[in-house]
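Okay, so here's just one chain, in structure tokens, the form predicted on its own.
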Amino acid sequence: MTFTAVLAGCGAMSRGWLSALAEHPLLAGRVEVVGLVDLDRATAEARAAEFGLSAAVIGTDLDAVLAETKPDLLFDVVIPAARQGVVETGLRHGCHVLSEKPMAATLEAGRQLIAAAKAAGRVHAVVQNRRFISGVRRIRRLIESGALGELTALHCDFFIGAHFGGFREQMENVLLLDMAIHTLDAARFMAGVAPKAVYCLETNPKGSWYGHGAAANAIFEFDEGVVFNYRGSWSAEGANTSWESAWRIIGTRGTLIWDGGETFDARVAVDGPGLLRDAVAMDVPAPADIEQTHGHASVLAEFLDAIEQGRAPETASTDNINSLAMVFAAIESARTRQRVTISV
């Protein structure tokens, strides 16, 4: 089946979407982009020219372009502040909608979008592409296998000096809302248990080129006694971590260290005398669904598969709101300097 789609928001992020649609084998022939929408018509025209979309309808009014093209899908790549209106417009026109993260600018807006998608009988999902990175899925499978024993803690470091320019440098809570949502969603996916509460300290360090909240330290309580520690900054120069962060996963039998790239070091303790137990290395097998570990393209492909199969996609808004709730609970904790319960 070939779906027709309109893409709204033709800024820098849209290039990744259109590249995946045009180039990746998982998506070959599956989507025809019939419209591009941006508040700046010249931006939309430039993106159409870049990807050879000469037949696409170009416009600045989403409602009008959707009415003219009547697409199956809406790809929402607008800034977070505009997300709710764009998604609701797409659903009103009968589109299935795939949105950039975060899924909404507030938790209540997220709830409203879930209700709107249900009322429209359409799929609404969110691009949590880091779930589909091989390392994240390998860790999930290793935890599920019990090789580390029972999971007790996840520790994550994210330190990158990122000079985006544009809207991010004016955003409030920029790290938590625009980037940490990926890492928090990955932690929730890896652990396989629900988040319960958080205590968070948010700062904007000296020398930060962001307007607000470029760094955060958060302690999350998960079900089953699991603790998730997050340390992050978008204004940390000189020694960047991977964009996927650096991880230490601890179980009752052993520990896994992942650099966010290709390096895994998993060790389990062996019985013996003395103060410290010896540890032996263990393999971290590739995930069974390795063919799906292609980041952005995999999110798009899984979204299309779910529509064709009449099921919810892995990153459906009904699930993703739990990751959004982690973000907003962390923001509330930072504001109040109190432990905040996580609920949707």
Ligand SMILES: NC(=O)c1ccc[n+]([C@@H]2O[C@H](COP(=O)([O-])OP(=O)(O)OC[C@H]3O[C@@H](n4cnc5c(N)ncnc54)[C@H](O)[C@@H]3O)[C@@H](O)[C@H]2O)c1
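Residue numbers run from 1 along the displayed sequence. Just so it is clear, the model here is predicted, and its values are computed rather than measured.
Omitted here: the form predicted together with the ligand. The next part is about that form.
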{"query": "Selected contact from L142, V78, A214, A186, since only one has a non-hydrogen atom within 4.5 angstroms of the ligand in the predicted complex", "finding": "V78"}
{"query": "Among the candidates R138, H93, H155, R130, the residue which, in the predicted complex, approaches the ligand to within 4.5 Å (heavy atoms)", "finding": "R130"}
{"query": "Site test, R111, K196 and E314 vs the ligand in the predicted complex, non-hydrogen atom cutoff 4.5 Å", "finding": "no"}
{"query": "Contact test in the predicted complex: F167 vs the ligand, heavy atoms, 4.5 Å", "finding": "yes"}
{"query": "I257, heavy atom within 4.5 angstroms of the ligand in the predicted complex", "finding": "no"}
{"query": "Touches the ligand in the predicted complex: A82 (any heavy atom, 4.5 Å)", "finding": "yes"}
{"query": "Touches the ligand in the predicted complex: A12 (any heavy atom, 4.5 Å)", "finding": "yes"}
{"query": "Options 245-253, 220-228, 94-102, 202-210; stretch whose heavy atom lies within 4.5 Å of the ligand in the predicted complex", "finding": "94-102"}
